[in-house]
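The data below hold one chain only, encoded as structure tokens and taken in the form predicted alone.
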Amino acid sequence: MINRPRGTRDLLLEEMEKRKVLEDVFRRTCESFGYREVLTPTFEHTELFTERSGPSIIDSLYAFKDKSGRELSLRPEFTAPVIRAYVEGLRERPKPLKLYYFGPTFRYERPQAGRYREFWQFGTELIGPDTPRADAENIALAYECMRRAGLEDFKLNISHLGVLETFFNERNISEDAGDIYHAIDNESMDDIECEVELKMELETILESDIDKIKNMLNDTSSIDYLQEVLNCLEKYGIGSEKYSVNFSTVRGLDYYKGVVFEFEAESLGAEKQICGGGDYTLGDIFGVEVSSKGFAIGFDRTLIALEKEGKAGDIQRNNCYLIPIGEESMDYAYEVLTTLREDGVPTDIEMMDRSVGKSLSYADRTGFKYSILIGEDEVKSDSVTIKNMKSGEQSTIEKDTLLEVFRQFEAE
């Protein structure tokens, strides 16, 4: 037997329904903020990903040569491809440019709970504005995605990379700054090699609030900028009780700068990060200077977090299963079927010549909300019999009122 590749999944029936509900929430939320959808190729030139992160990233890519010898990779994330697409096709559009995307991404990593080699990302890019208001809007949109999805047990951490950069510059730390960022991001402070006093100061920075840090730095411009962002978040209804200023939030990618943030779902344990983003620079890869901010949501992890809270899988079905009883009712049944489908009511019809009892059992097991029975009496009286599969109640109504009845069902 040929099994599916390691690190992948088959997304079946009910799982796809839950995913479509969450995807629709994210899409509608982004569009309510004025964002429009884009989609980039599944594979890109490998250079797009190694230009900033270096050749070592190839070990975690699905990299290959095509038949013409071109070095290509399945996309491991969307940010770099979207910026490439902007430079190639959207550069002349008026700013701000608000884009969102959704699709599969690929990384060759060890599969574990909530982490797959093929996984889905939903995310955004805000191209053009470089102001505290733009950073606040970026964070507010991510927050609203989580809120509208129904997630409650999550934590939002906000930081500004300029704070640590200023700390390093004022203390003449340069060569090892990248290693220190990496150690902070991986919560491995013991790996940082520097003078004891500097390390103690760094730990104080990471654990302190804005007011205390201001007294530790000569240049407070990054702190002042972050404070403006937080003040603007208040206007979105995101007060200080809904986030933490946490300067250990540094993001693991080299292209981030300025304001950064992460969402964590505590129910997921070690793999608790479900969304991350901020301010970054990628246009310089293409010789273009442009401000860009955005975030990416780990779609799969977010869905798992919702399931743990009992918030996923609430599928509201107004679909129905049509059961003709006897050959003489078939033409009439197909007339009803066409009427329902043309009005947008998801409707299926019995095609296996089963008994009424077995057809109703199938409708119940498959999850249909209603069954419609049409026999000789219904044909003669120009009516249909509707059965609620959950309550067991059934009633006979005139066929001409069927669509009106279903609209009432949808409103309930």
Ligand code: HAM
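Residue indices: 1-based, along the sequence shown. Small disclaimer: the values here were computed from a predicted structure and weren't measured.
We do not show the form predicted together with this ligand, though everything after this point is about it.
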>> Among the candidate stretches 149-157, 220-228, 328-336, 277-285, which one is within 4.5 Å of this ligand in the predicted complex when only heavy atoms are counted?
In response: 277-285
>> Going by heavy atom distances of 4.5 angstroms or less, which of Glu71, Glu203, Glu165, Glu109 would be at the interface with this ligand in the predicted complex?
In response: Glu109
> From the list Tyr321, Phe295, Tyr100, Phe247, which entry has a heavy atom within 4.5 Å of this ligand in the predicted complex?
Replying inline: Phe295
> Within a 4.5 Å heavy atom cut-off, is Ser291 in contact with this ligand in the predicted complex?
Replying inline: no
> Does this ligand come within 4.5 Å of any heavy atom of Gly114 in the predicted complex?
Replying inline: yes
>> With the partner left out here, check for me: in the predicted complex, does some heavy atom of Asp135 sit within 4.5 Å of this ligand?
In response: no
>> in the predicted complex, does Thr131 come within 4.5 Å of this ligand, counting heavy atoms only?
In response: no
> Mind checking whether each of Gln121, Tyr256 and Arg301 has a heavy atom within 4.5 Å of this ligand in the predicted complex?
Replying inline: yes
> Does anything in 53-82 come within 4.5 Å of this ligand in the predicted complex by heavy atoms, and if so which residues, in order?
Replying inline: Glu77, Thr79
